[in-house]
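Next up is one chain by itself, shown in structure tokens, the form predicted on its own.
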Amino acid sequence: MRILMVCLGNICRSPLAEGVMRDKIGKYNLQAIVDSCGMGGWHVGEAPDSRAQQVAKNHGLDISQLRGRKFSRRDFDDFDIIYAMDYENYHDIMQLARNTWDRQKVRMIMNEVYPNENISVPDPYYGVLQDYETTWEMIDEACEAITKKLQLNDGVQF
């Protein structure tokens, strides 16, 4: 299973999601690959925002080695599931989809916890550290749900 986490700039939500998901995959000894990217290219090559790194560190994870990159159409070929952090990014990804197969891969991450509710993970960038903590909690909950699905399906696409 190849999973891609997508937000706007790839310095806040999606690197947190990548870090959380990688940690859960390791803890549960699952076979999956996780990456993250952003819809915009403003932060290509940059490390995650210092506040995202701090929240991850507070939870025992180091995401400092991650680097921002921009979403490309090739990601549809390279990943089995593409998780958008909010509806705007979901919409933008769907606009780049080449066909039905591409569109079937794209999901709102919080729908794993609250099916069909299309809840967005708020972008904490213009907020304070507590906003990053709230983002962490939402992402952790969603990644736990994804992990359970991976365990139940033994790595088969769901």
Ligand code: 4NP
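Everything quoted here is computed from the prediction, not taken from an experiment. In case it trips you up, residue 1 is the first one in the sequence shown, and so on.
Note that the form predicted in complex with this ligand isn't included here; everything after this is about it.
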Q: From the candidate stretches 63-71, 124-132, 106-114, 93-101, select the single one in contact with this ligand in the model of the complex, where contact means a heavy atom within 4.5 Å.
A: 124-132
Q.
Considering non-hydrogen atoms and a 4.5 Å limit, does this ligand approach Gly9 in the model of the complex?
A. yes
Q | 4.5 Å heavy atom contact, Trp42 and this ligand in the model of the complex | A | yes
